[in-house]
Ligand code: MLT
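The data below hold one chain only, encoded as structure tokens and taken in the form predicted alone.
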Amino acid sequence: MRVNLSDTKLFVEQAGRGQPLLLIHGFPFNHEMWRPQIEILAGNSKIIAPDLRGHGQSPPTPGPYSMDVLADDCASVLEKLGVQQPVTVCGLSMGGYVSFAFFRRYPQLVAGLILVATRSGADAEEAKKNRDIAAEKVRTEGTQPVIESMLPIAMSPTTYQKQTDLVQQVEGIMQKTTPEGLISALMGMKSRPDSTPTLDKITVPTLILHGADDQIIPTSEAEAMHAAIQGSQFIIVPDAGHLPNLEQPQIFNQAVDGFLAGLKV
């Protein structure tokens, strides 16, 4: 379905019934990256999986897309859908950055956090320069060169070499991101604040999931978040890179399902 916001319409997939689980996709993906979770976790939860503006079936708007803007979009989606109880917010990579912003802006709406393949720190100067380089490449050459540069590092080397069908699936999802959306998200991530000071303020149950072979964000950064968020759970997903929900969906789903079950006690 499409949800009308003040300045755009966002595509949102819903499935299941029960405790609401908001799935916030990474860059440059869309809700389709959560397909193994939508199909399985909907058995016990109400899944809400939006396409962020400029991604998937949601049209682009003038950028940049700050993490606050994207968090506000998610809150508006919940309001428009009539979700009144606090939700578990699950964000992967950029979706994790949005999750931090969502927690800061709407703590009363958060029942729990699931932080996947993400980091709390802001971009270092080299990372900011790389965002600018990628954005300029999109302006001059389109999205495909950026997608092709991301594909080998988005998954573990083993996944990339042996799961060719999954690699093609991931590429197809990325290709649905508009150039405007890709550039605007890059600029939003480049300017995002450091969320490390937020960590010791997180008092809701928190699960941190990280691929053992993540080539984009080192496992050490997930370990640091775990140490800073009191009472958090930390699971390293074996044989997975930056997309553990797709590379090891059974392990991922079991971890999330168990975490959600604990929230109901």
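One-based numbering along the sequence shown. Quick caveat: nothing in here was measured; it's all calculated off a predicted structure.
If you look for the form predicted in complex with the named molecule, you will not find it shown, but the lines that follow are about it.
- In the model of the complex, none of the heavy atoms of residue 173 sits within 4.5 Å of a heavy atom of the named molecule.
- Of the heavy atoms in residue 89, none are within 4.5 Å of the named molecule in the model of the complex.
- Among heavy atoms of residue 131, some come within 4.5 Å of the named molecule in the model of the complex.
- Residue contact check for residue 159: none of its heavy atoms lie within 4.5 Å of the named molecule in the model of the complex.
- Contact with the named molecule in the model of the complex, defined as a heavy atom within 4.5 Å, is made by all three of 29, 93 and 216.
- Of the stretches 94 to 102, 163 to 171, 74 to 82, 133 to 141, only 94 to 102 has residues with a heavy atom within 4.5 Å of the named molecule in the model of the complex.
- Site annotation in the model of the complex: the residue of 182, 155, 113, 189 reaching within 4.5 Å of the named molecule with a heavy atom is 189.
- Interface residues of 135 to 165, taken as those with a heavy atom within 4.5 Å of the named molecule in the model of the complex (partner not displayed), are limited to 150.
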